[in-house]
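Just the one chain here, laid out as structure tokens, in the form predicted on its own.
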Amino acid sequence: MRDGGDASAGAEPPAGGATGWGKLVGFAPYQAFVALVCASPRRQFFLLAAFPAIWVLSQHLGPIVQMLYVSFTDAYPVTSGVEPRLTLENYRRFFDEAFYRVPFYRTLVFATTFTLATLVITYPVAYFLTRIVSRRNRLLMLLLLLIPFWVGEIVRTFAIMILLGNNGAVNLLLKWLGLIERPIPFMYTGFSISVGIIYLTALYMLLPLYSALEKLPRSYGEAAADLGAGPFTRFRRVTLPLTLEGIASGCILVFLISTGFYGTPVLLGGPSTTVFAETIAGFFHVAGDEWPTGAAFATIMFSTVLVLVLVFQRFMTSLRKGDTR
């Protein structure tokens, strides 16, 4: 009985006991469909790329196209039974009223300044991690730098507010050192926005720089030193040119993020530091007939930033190729 039981246990299951997936695989129309779809590498590629393409078109490009359409309408949402009328008045309003152009230019200046400041601050940190810290401890150091970014933007912004407040850690430290008698009003100024945005965007600059510096062989610097190049010359002639790709990636990321910040400027800034995102949001906080104006202003900012990024990317590409002097 035992031998018979073992023999029956090791026997193959009958054909009628196939699972649902086994039945589908053996289904003739399914086999014909798979053979048709996977007949060539090109068809396999289109099959794999179908879902990402649909996602990008619907979730990324779709809202942009919708915003572009709304920017040319006279009112949105459209009242039932009323045909929307296309107009350029929403764009003309930006160019006719200087009141709206001031925060636009301020945003571009702020974003450029913040990008350069973030680059100057984070480049030495990335260099320290890749050249000074041992390979065994780099992961731990990166983890320590990443921990604050696990918290949301608003929470980190409130942390900056607590740090720079009249009774914050900075003013208390300055009082303790005897450098001031009254608190310095750091909050609601360009300085507080600078500290907040640089703090929030530092990671997006650090990671590309870290990646570029880590891939840079140490032998290049050692060879330059053997040829008599000093530390500054080695950095200017070897390290900096070979990390331009990381610099370009980090600067583009920080610049794009800086131009779109809304919550941080609202919490840390004041009337004299209003950025264009606040102006755009103001149109969406009122009646629907102002939404097309907000969409038009958002389109202007989006187009301007896109052009600036393309020009910067082209410049950095030519710089890497040695076309500019």
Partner chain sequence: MSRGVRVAFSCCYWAFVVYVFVPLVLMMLMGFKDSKFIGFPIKSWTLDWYLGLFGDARILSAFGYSVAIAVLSTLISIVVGTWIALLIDGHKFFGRAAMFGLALLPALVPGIISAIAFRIYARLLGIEPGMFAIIWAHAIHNVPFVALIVMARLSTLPRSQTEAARDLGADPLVTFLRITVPWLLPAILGASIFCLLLSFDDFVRSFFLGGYQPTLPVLIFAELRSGMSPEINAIATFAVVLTAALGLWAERFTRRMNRAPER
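Here the rigid core means the biggest group of C-alpha atoms that line up within 1.5 Å when the two forms are laid on top of each other. In this text, all values refer to a predicted model and were calculated from it rather than measured experimentally. Numbering follows the first chain given and starts at 1.
Another form, the form predicted together with its partner chain, is not on view; read the next lines as being about it.
- Partner contacts here mean any heavy atom within 4.5 Å of its partner chain in the model of the complex, and among 143-151, 176-184, 219-227, 92-100 they occur only in 143-151.
- Shown here without its partner, the chain carries 48, 70 and 291, all of which come within 4.5 Å of its partner chain in the model of the complex through at least one heavy atom.
- Residue contact with its partner chain in the model of the complex: residue 29 places no heavy atom within 4.5 Å of it.
- Proximity of residue 272 to its partner chain in the model of the complex falls outside the 4.5 Å heavy atom cutoff.
- Although the partner is absent here, residue 302 sits close enough that one of its heavy atoms falls within 4.5 Å of its partner chain in the model of the complex.
- At least one heavy atom of residue 169 is located within 4.5 Å of its partner chain in the model of the complex.
- For the stretch 36-74, the set of residues having any non-hydrogen atom within 4.5 angstroms of its partner chain in the model of the complex comprises 38, 44, 45, 47, 48, 49, 51, 52, 53, 55, 56, 57, 58, 59, 60, 61, 62, 63, 64, 66, 67, 70, in sequence order.
- Relative to the superposed rigid core, the position of the CA of residue 52 differs between this form and the one not shown by 2 Å or more.
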